[in-house]
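Consider the single chain below, provided in structure tokens and representing the form predicted on its own.
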């Protein structure tokens, strides 16, 4: 085995893992606060991709400078989606909320297909690469990691240092008690759904700077998000970040030993093993 190839693949996997972790963090945040499995997560990721594409190609805005617009768009989209599709069934059995978010998934895919078609798209973005011998780290990956870490830090600062963030955590821990303390749980839940959507769309925007994509790219990424969330521990944002790094490393390193087409099979083997031997995930409670 070529040691330099292993190092290069590990660096690629590590950088990709941070973005995967950010992507899964949105899914696990929503579940952790309101116990809703959001099947609309994939289309939200794709919306982030196409938002940055439109802002870049039609308005000439640098993809990274377009991220604040993507954040606002994601927050509004998430809050509106919550009130339209989730709020009325928030206390219903889990299957009902699952079907509600699946409906959102289907409607968004249909709308995005009508607007953008299923043709492959991509951003034309080049940044200086960092080279050490035969190892090359693309500048776009370094920037993606830095932004993923910045967004993660901002999320934790919001949840632990602000009054609104503490209200969301209170609602997540005990909604009835939080309401007795005067917290408006409806808006806390809506804001949580909005933040989860923001994380999905920002991760989609970052992935758009790394790979080509289509309207249908969200399906595979949504499935990968579920694997990462289960691996890290459902409802645990830190676990999602760790799970993303693990999956990113596995995805890159395993391509040294097996064809790329086998990698998803390997990931799902890991997924099944986690369910069998540690169903609460790496950072979940035993």
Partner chain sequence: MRNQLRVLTIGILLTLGLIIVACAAPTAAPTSAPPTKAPVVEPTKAPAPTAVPAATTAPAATKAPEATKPAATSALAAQAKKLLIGFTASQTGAQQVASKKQVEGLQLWLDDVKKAGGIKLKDGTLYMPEMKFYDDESKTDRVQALYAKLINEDKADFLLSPYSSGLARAAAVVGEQNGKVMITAGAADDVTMEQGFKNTFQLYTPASRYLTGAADMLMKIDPTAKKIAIVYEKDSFSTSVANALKPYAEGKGLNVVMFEGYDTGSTDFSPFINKISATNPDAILGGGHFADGTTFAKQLYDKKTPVRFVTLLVAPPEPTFKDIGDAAQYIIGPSQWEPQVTYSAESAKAANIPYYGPSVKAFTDAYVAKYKDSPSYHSAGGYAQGLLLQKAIEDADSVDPAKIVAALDKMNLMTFYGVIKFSTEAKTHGKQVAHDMVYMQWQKDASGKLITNIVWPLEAKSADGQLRK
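Numbering follows the first chain given and starts at 1. Worth saying up front: this structure is predicted, and the values here are computed from it rather than measured.
Beyond what is shown, the protein has a form predicted in complex with the partner chain; the following relates to that form.
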Exactly one stretch in 146-154, 100-108, 77-85, 166-174 has heavy atoms within 4.5 Å of the partner chain in the predicted complex; which is it? 100-108
With the partner omitted here, the residue among 112, 138, 89, 159 that in the predicted complex has a heavy atom within 4.5 Å of the partner chain is 138
Assert contact residue (the partner chain, in the predicted complex, non-hydrogen atom within 4.5 Å, options 72, 216, 181, 132) equals 216
Check residue 16 for me: does it contact the partner chain in the predicted complex (non-hydrogen atoms, 4.5 angstroms)? yes
Touches the partner chain in the predicted complex: residue 31 (any heavy atom, 4.5 Å): yes
Please run the contact check for residue 59 against the partner chain in the predicted complex: heavy atoms, 4.5 angstroms, yes or no? no
Although the partner chain is absent from this view, report whether residue 238 comes within 4.5 Å of it in the predicted complex, heavy atoms only. no
Residues in 67-95 close to the partner chain in the predicted complex, defined by a heavy atom within 4.5 Å, in order: 94, 95
